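Take a look at this single chain in structure tokens; it is the form predicted on its own.
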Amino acid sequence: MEFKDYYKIMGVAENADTDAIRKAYRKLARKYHPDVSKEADAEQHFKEVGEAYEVLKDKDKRTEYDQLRKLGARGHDGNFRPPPGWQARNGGQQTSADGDFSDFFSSIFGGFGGAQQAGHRTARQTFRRRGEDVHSTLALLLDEAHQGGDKQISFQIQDSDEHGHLRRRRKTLKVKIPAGVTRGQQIRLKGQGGPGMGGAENGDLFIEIDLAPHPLFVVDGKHLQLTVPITPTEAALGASIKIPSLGGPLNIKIPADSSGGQKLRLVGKGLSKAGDLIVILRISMPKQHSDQARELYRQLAAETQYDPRADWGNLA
């Protein structure tokens, strides 16, 4: 059986990265597409390119293929010579790849392949290939992420025109965003990616959520943090104050004898009902004081005799 040099077929170096391999595949697929190519043996070349791409784009398949190359699996006559004791990794089971591959591919990875299967397929079925998955990012305002709703998203997919020429085109969808989505969360829309070839299924659309910065809230997963300035009097005596939240204003109680940096947790008031709102108290001083206010502060200092740095000991 002939040994397939997938790197030579793709026209890439053995250390080519994923992007280089993808670009080479797109170029060659366009060149040998059976609907438009005038190249000699275009169908056979198209099939070989598809098989090479199936191996080199997959990390596990490529690793196994590279190991066979290093072990000298290609004989002097160009045929495949399995190293002693080597076996196909999946024992000849059906591969998840969608296509009609060679005996060489099947001997390594299992699945359909070889001339015995090809006789039962039409020429069009030979070129079945699942559409590309598409990854897109959707930036939301914090209120939009909290409430959910419909959003319009545009992205590019690869398909072919009426003449069979490969092209990139823009696709627009209205997407239902669930309430309480978080940064980094992915939404999968099955079949909304690139169209399949030869009747194969379409790829999927994966939307990754990003959140725009908010002037007040800091996002921590499903939890929110809000720094709330309070006066020294409110910190000492306690108070009832109004604060913002994504669900509307809230009334909260500041405990007496509160200190700066103290945290209050409001359960279920975060980015969703599963998240909390963490209120961080910050004591805020007026920028100017009247003479009377300064005198009151002096009386307070004399009355309390409080040293906030007492635990420093001899370090200061």
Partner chain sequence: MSKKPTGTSPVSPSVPVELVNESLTFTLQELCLRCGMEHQQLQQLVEFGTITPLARPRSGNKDWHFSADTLQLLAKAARMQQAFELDAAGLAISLELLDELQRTRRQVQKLRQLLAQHVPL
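Positions refer to the first chain, counted from 1. Bear in mind that the values here come from a model prediction, so they are computed numbers and not experimental data.
One more form of this protein should be noted, the form predicted in complex with the partner chain, which is absent from this view; the next part is about it.
Colleague: Which residue, Leu141, Leu173, Ile241, Leu237, is the contact with the partner chain in the predicted bound form, using a 4.5 Å heavy atom cutoff?
Modeller: When the partner chain is considered in the predicted bound form, the option within 4.5 Å is Leu173.
Colleague: Although the partner isn't part of this model, could you tell me whether Ser245 comes within 4.5 Å of the partner chain in the predicted bound form, counting any heavy atom of the residue?
Modeller: Heavy-atom contact with the partner chain at 4.5 Å: absent for Ser245.
Colleague: Give a yes or no for Gln44: in the predicted bound form, does one of its heavy atoms lie within 4.5 Å of a heavy atom belonging to the partner chain?
Modeller: It does: once the partner chain is placed as it appears in the predicted bound form, Gln44 has a heavy atom within 4.5 Å of it.
Colleague: Taking heavy atoms only, is Ile254 within 4.5 angstroms of the partner chain in the predicted bound form?
Modeller: No.
Colleague: Examine Pro232 and determine whether its closest non-hydrogen atom to the partner chain in the predicted bound form is within 4.5 angstroms.
Modeller: Result no; Pro232 lies far from the partner chain in the predicted bound form.
Colleague: If you look in the predicted bound form, which residues in 3-34 sit within 4.5 Å of the partner chain (heavy atoms)?
Modeller: Heavy-atom contacts within 4.5 Å come from Lys4, Tyr25, Arg26, Ala29, Arg30, His33.
Colleague: Relative to what's shown here, the Cα pair Asp210 and Thr18 differs by 3 Å or more in the predicted bound form. Does it come closer or drift farther?
Modeller: Result: farther.
Colleague: Taking the cut-off of 3 Å or more as given, in which direction does the distance between the C-alpha atoms of Thr18 and Gly184 change in the predicted bound form, closer or farther?
Modeller: Compared with the shown chain, Thr18-Gly184 is farther in the predicted bound form.
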